[in-house]
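Heads up, the chain below is alone and in the form predicted on its own; it's given as structure tokens.
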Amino acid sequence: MNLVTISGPPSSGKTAVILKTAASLKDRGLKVGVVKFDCLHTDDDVLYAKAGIPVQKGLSGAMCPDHYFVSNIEEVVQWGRAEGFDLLISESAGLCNRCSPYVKEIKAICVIDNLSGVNTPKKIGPMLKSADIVAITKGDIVSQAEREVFASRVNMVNPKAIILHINGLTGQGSYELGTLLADNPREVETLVGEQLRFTMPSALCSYCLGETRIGESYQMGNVRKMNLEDNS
């Protein structure tokens, strides 16, 4: 079974891209499954089920979705292998700009949309910088010049990535993405012992453990303070 991880900011069009790409892969005779990770609520699993795609859903709740992902991905892989999938797609929650949801040697795709602003690529960390493929969506809403400038900014941040423009409504570009996913797949039997491409956001403080009161006397653990003197 081949495994790919797809991530991106909230509402960037990840699910639409996956649905169109999975449809093109199914037309080639491949059996595709999806696992959807989210935080509090998602109906995306209903969309996958309507499209005839086997799906599992996991909600992280109060836990960081990245930590929830890495705590469950091995069990998800074993589910996919038991189902006999040719390709299992892991879709992340809409992640913050510091998230790091990729595994070494596992194909990684970042979905980002043209409407997020031309400076957005510089604000996104490992989720964009360590991706193998960057799928840019919502290009039909902006001008050709804006598309080119945005793609150039993405290339500056991640010059090694393949950049694709995909329309989540019409599916334009999804066939090309499906080709990249289907060609030269890596057979994955287990992720035990594999490593993340980058360290996850770090936090272990009193607020992580349920503290709600504000003030230095209530703050313990991994706490960072602003240097206001340098900012003045």
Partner chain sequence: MMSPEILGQRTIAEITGDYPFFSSFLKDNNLDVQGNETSSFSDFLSSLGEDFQEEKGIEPGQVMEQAASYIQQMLEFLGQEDQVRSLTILPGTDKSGTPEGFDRFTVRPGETVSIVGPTGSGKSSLLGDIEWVAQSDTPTGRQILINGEVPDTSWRFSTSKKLVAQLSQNMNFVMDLNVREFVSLHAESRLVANPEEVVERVIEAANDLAGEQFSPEAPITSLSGGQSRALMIADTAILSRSPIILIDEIENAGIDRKKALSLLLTEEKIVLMATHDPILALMADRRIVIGNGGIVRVTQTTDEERALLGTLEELDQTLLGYRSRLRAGESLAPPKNKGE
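Predicted, not measured: the structure shown is a model, and the values here were computed from it. Residue numbers count along the first chain shown, from 1.
The following text describes the form predicted in complex with the partner chain, which does not appear among the structures shown.
**Q** So which of 68, 198, 207, 175 reaches within 4.5 angstroms of the partner chain in the predicted complex, heavy atom to heavy atom?
**A** Contact residue from the list: 175.
**Q** Name the single residue among 105, 148, 75, 83 that comes within 4.5 Å of the partner chain in the predicted complex, judging by heavy atoms.
**A** If I apply the 4.5 Å criterion carefully, the residue I get is 148.
**Q** In terms of non-hydrogen atoms within 4.5 angstroms, which of the given stretches 185 to 193, 29 to 37, 163 to 171, 56 to 64 touches the partner chain in the predicted complex?
**A** Stretch 163 to 171 is the one.
**Q** Quick one: does residue 123 come within 4.5 Å of the partner chain in the predicted complex, counting heavy atoms only?
**A** Contact check for residue 123: no, nothing within 4.5 Å of the partner chain in the predicted complex.
**Q** Taking the partner chain as it sits in the predicted complex, is residue 157 in contact with it (heavy atom to heavy atom, 4.5 Å or less)?
**A** It does not: once the partner chain is placed as it appears in the predicted complex, residue 157 has no heavy atom within 4.5 Å of it.
**Q** Is it the case that residue 51, even though its partner is missing from this view, gets within 4.5 Å of the partner chain in the predicted complex, heavy atoms only?
**A** No, no contact at 4.5 Å.
**Q** My question is simply whether residue 180 lines the interface with the partner chain in the predicted complex - judged by any non-hydrogen atom within 4.5 Å.
**A** Contact check for residue 180: yes, within 4.5 Å of the partner chain in the predicted complex.
**Q** Using a 4.5 Å cut-off on heavy atoms, what residues in 126 to 159 are near the partner chain in the predicted complex?
**A** Stretch hits, in order: 139, 140, 141, 142, 143, 144, 145, 146, 147, 148, 149, 151, 152, 153, 155.
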